[in-house]
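Read the single chain below, which is given as structure tokens and is the form predicted on its own.
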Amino acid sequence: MSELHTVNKSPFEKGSFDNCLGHVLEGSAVLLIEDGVYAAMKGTSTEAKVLAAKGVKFYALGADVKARGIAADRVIEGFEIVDYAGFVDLSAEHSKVVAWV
């Protein structure tokens, strides 16, 4: 049973992203939305945490990445940028969606 975890708060403001990583299981996915997309930025304290999460796929909502002025070359390698249709597909592909707010 795979889970899709969504995080909508900045990792530099709240502990939602760290709490998510503490519960995510191998085979699951993490989708960053709204201010949560700041966790996808290279060169930040979140990069090592993302790279250490083995067997977890990471996604970021492209519209939110763009809205916050994060250039594509500033996104941690391995992240897949998805659109709203991709968000829906991820929700349908996983048996459970867990929202970290």
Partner chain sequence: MSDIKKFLYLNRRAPYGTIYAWEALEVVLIGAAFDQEVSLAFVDDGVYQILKGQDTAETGMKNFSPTYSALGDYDVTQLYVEKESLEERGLTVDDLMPLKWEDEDDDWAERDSIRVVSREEMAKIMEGQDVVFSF
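Residue numbers count along the first chain shown, from 1. What you see is a predicted model; the values in this text were computed from it and never measured.
Beyond the structure shown, there is the form predicted together with the partner chain, which is absent from this document and is the topic of what follows.
Engineer: Contact check in the predicted complex: 53, 89 and 91 versus the partner chain, with a cutoff of 4.5 Å between any heavy atoms. Do all three pass?
Structural biologist: No, none of the three is in contact.
Engineer: Can you tell me whether residue 31 touches the partner chain? I mean in the predicted complex, with a 4.5 angstroms heavy atom cut-off.
Structural biologist: Flag for residue 31 set to no.
Engineer: Counting only non-hydrogen atoms and a 4.5 angstroms cut-off, does residue 57 reach the partner chain in the predicted complex?
Structural biologist: Outside the cut-off, so no.
Engineer: Could you tell me if residue 77 has a non-hydrogen atom within 4.5 Å of the partner chain in the predicted complex?
Structural biologist: Output for residue 77 is no: heavy atoms all beyond 4.5 Å of the partner chain.
Engineer: Taking the partner chain as it sits in the predicted complex, is residue 49 near enough to touch it, meaning that at least one heavy atom pair lies within 4.5 angstroms?
Structural biologist: Taking the distances in the predicted complex, the answer for residue 49 is no, it never comes within 4.5 Å of the partner chain.
Engineer: Select from 4 to 37 the residues with a non-hydrogen atom within 4.5 Å of the partner chain in the predicted complex and write them out in sequence order.
Structural biologist: The stretch touches the partner through 10, 12, 13, 35.
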